[in-house]
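First comes one chain, alone, set out as structure tokens in the form predicted on its own.
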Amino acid sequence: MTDQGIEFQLDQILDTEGIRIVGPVSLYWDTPGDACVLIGETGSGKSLVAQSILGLLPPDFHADGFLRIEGKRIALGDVTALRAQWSTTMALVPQEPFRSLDPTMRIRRQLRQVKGSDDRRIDAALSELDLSASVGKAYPFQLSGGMAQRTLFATALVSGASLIIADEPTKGLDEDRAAQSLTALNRLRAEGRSLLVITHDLDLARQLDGRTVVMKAGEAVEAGPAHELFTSPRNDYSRALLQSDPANWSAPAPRIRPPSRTVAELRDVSFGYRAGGPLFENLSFTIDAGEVVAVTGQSGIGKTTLGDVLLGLRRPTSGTVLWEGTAATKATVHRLRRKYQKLHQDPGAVFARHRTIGQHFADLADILGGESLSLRLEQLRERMKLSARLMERSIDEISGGEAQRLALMRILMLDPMLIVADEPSSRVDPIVQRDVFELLDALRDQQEVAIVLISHRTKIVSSFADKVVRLSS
């Protein structure tokens, strides 16, 4: 390793009971511009690895090991020294944009606070990520999920850090936007910035073509150059992970569905904000019991908003939304709310940070009854492959993929008639992604649950949807 190289040695991450959660994991970047990519199962500790480098582990966790960067050897237990490297030698592109951006501050002002930034670098970063200058004047809540994700990426572009840590940098982005993120990552490498990328996007890992590390149950089970690992994986789990990529899913069998009742319908529905033009106009389609309707289109085109209109969370500018043939008025929505549910793109939107996951599920006791609650909770938890220990933790102490599966569990306990699933697999690894879609597939076949799938993934849409609604500008 050269003097300019970076070395990271994580011996272990321990919880308050002294139980090892993650480790050992060894990463290194021999020369400036090298890339290291972590892939693997949801909840395997990939994000905890990044947090240990940055000194951002939850208070109940402790890391042993060291980071050597720019000639400094820093113990992972020295949180103050690690945090002193922020923006100067290390920068983070976090996984959850709306938890990371200040909701009270305009975007350009937030970018100006990054060390090493100036207006020229900010304008160049926004342009490279296809974000208009007007984004700089916006507040985070005025951005779509995809726009907020690209805004976070802009913070890394304007910084002068030598190590950029990107946690799921393509999550929630359409294929064109994901390609822009890849271009931006490669530009950083060309500038001599080293990358640590954590991703479930196997195509991104393959194209970065750096050193790839596969993680399972808190350990690195295989590592090597991407072109070797993706071609000839040695570990059984690595092979299963790569095979579960949606690109390898088999073509769906033709579905013959008998006539069914319509659970929701849009008639000439339009929606727009006062400050701009319409997001979509004169949309009409039906959703039958057991049917999957996919909504696709570019990031920021209005897919999530359409889902909110369908669920009565936003009022259309014009047109009518019907639930079971009845206009979705305030009274109708109140009466049927339990049957019309949303699986949010950001699970942080449904779990309060100051409460444990178990407390959230206990809230359902008044609806389901105590005995029914316990039995169904155990059945769904096992089906989702989730540990019972997660019930004792808050949303900040679990992975994004675990949070997404827990959010789906809570919806399924209510026996929904329709689920609007907003990028339901964006936070889970390919194996769990396949399991989630198999579960949704069983729901539509066995319980005739209707699903509105909001997704950018062409392969997933073509494999799963009965019909497709494409939004365009």
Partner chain sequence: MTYWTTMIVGRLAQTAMVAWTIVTMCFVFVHVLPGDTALRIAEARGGAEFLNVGRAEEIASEEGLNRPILLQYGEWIRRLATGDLGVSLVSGQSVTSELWYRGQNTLVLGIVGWLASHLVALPIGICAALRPRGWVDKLSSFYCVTMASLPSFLMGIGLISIFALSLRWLPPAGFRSPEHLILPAATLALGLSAFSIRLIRDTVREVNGAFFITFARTKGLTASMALWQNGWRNAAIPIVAFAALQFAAVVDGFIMIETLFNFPGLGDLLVSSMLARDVPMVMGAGLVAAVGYGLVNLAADLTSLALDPRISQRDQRRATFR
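Numbering follows the first chain given and starts at 1. Computed from a predicted structure; not experimentally measured.
What comes next is about the form predicted together with its partner chain, which is not displayed.
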| property | result |
| --- | --- |
| Of 128, 102, 175, 191, the one that lies within 4.5 Å of its partner chain in the predicted bound form (heavy atoms) | 102 |
| In the predicted bound form, the one of 335, 376, 261, 115 near its partner chain [non-hydrogen atom within 4.5 angstroms] | 115 |
| Contact flag, residue 152 vs its partner chain in the predicted bound form, heavy atom cut 4.5 Å | yes |
| Touches its partner chain in the predicted bound form: residue 232 (any heavy atom, 4.5 Å) | no |
| Contact label in the predicted bound form: residue 92 to its partner chain, heavy atom within 4.5 Å | yes |
| Contact of residue 299 with its partner chain in the predicted bound form (heavy atom, 4.5 Å) | no |
| Options 383-391, 285-293, 195-203, 134-142; stretch whose heavy atom lies within 4.5 Å of its partner chain in the predicted bound form | 134-142 |
| 4.5 Å heavy atom contact with its partner chain in the predicted bound form for all of 83, 87 and 147 | yes |
| Residues in 43-74 with any heavy atom within 4.5 Å of its partner chain in the predicted bound form | 56 |
